[in-house]
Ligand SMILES: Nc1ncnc2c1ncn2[C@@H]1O[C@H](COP(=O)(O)OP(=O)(O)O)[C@@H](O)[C@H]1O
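Form predicted alone, single chain, as structure tokens, below.
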């Protein structure tokens, strides 16, 4: 066992030992035990540094691989590291873009505005005019944010990833692999890391999002300066505004928080149910509220996709869920790959129905989507029902959207956005000529039975 592996093992063991009193040494209710060890695991990941933080962040959007208590606890992981000297960042920019810094940027600020394990961000101004792919020309003097991959970041994280592989391979000894699909999680981590290290991927997705919502006056994403962008450098428009933690300041400045919260939920529904691609990693650091009352979306590192037929089934599940129809929700969930064994269907249906009553259909109260999702995933875990990857990502994204909407306006009910979108899409699909043709014979037979009975 290497020294690093011993450090990793001791760190997890220490934090899990500290969780034992909160879990009442195994005698606390199951939900309390799970929450205690999820928190302990998050703290261990933060102590172990960048690779483990990134691993936890990947896990936080994969409820198909990780128990729900861990998914929502890992949302709180903080990826902050001491910044590198500006000279080293400037050297990367010069090497990547092939030109002296002063020819590209004016007023390059040596103090970073963000420093994480993979990239560091500095503010500057364009030295000359740039024409983006999407949006108006960016004139000389336009404020920009320059995101730069930290030199050596890939190697450091890869070394820790190798240690993580060795450690997670031992999970069988402790029975933990029954709760966490370690090999699949590591594969997802490696793919996410490879994508994140090429900043051009983020720029492309950002441009596509800007194109999708080019006619929406309440939505924006920064313009990308492609002439100042490479694999390790991404230059984008610097957006002034308030983070969601500063929403009270935005409201005092005249921003309509309720409208933005509801519209943000509607934007998500459009991404999932109409466009077939959605921002799957929304959190307060990835959103700004601008002085002109727009939502600015950032950091498209994790993107989910939905196919045409999937969108119909998702709409059916959403409609059934917000209207409290457990039978219909499970029926269309099965078409999305969530297959409940026949011998467990009655029990699961009953528990899901009760859960809907407690979380989504309480008179006088806003729907608690996170409470429903957490409970739903727990019901499936208890029944040993595997969660399909796309289904899990969508559930987590919907919960995150509710959290973002409530950060903007605490009393928001995002089912108000889901109901009309889902209902309208279902109605449109039912009126498609091919759908009518498919259903017409069965409808005629049913009508004839009524006439002759």
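Residue numbers count along the first chain shown, from 1. Since we're looking at a predicted model, the values are computed, not measured.
Missing here is the form predicted together with this ligand; even so, the following discussion is about that form.
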Choose from 312-320, 345-353, 326-334, 235-243 the stretch whose residues reach within 4.5 Å of this ligand in the predicted complex, heavy atoms counted.
-> 235-243
So in the predicted complex, does residue 286 come within 4.5 Å of this ligand, heavy atom to heavy atom?
-> yes
With the cut-off set at 4.5 Å between non-hydrogen atoms, does residue 202 touch this ligand in the predicted complex?
-> yes
Look up in the predicted complex whether residue 222 has a non-hydrogen atom within 4.5 angstroms of this ligand, and give yes or no.
-> yes
With heavy atoms only and a cut-off of 4.5 Å, decide whether residue 279 touches this ligand in the predicted complex.
-> no
Among 90, 251, 190, 298, which has at least one heavy atom within 4.5 Å of this ligand in the predicted complex?
-> 298
Quick one: of 161, 340, 145, 86, which gets a non-hydrogen atom within 4.5 angstroms of this ligand in the predicted complex?
-> 145
Which residues in 107-134 have a heavy atom within 4.5 Å of this ligand in the predicted complex?
-> 113, 114, 116, 119, 121
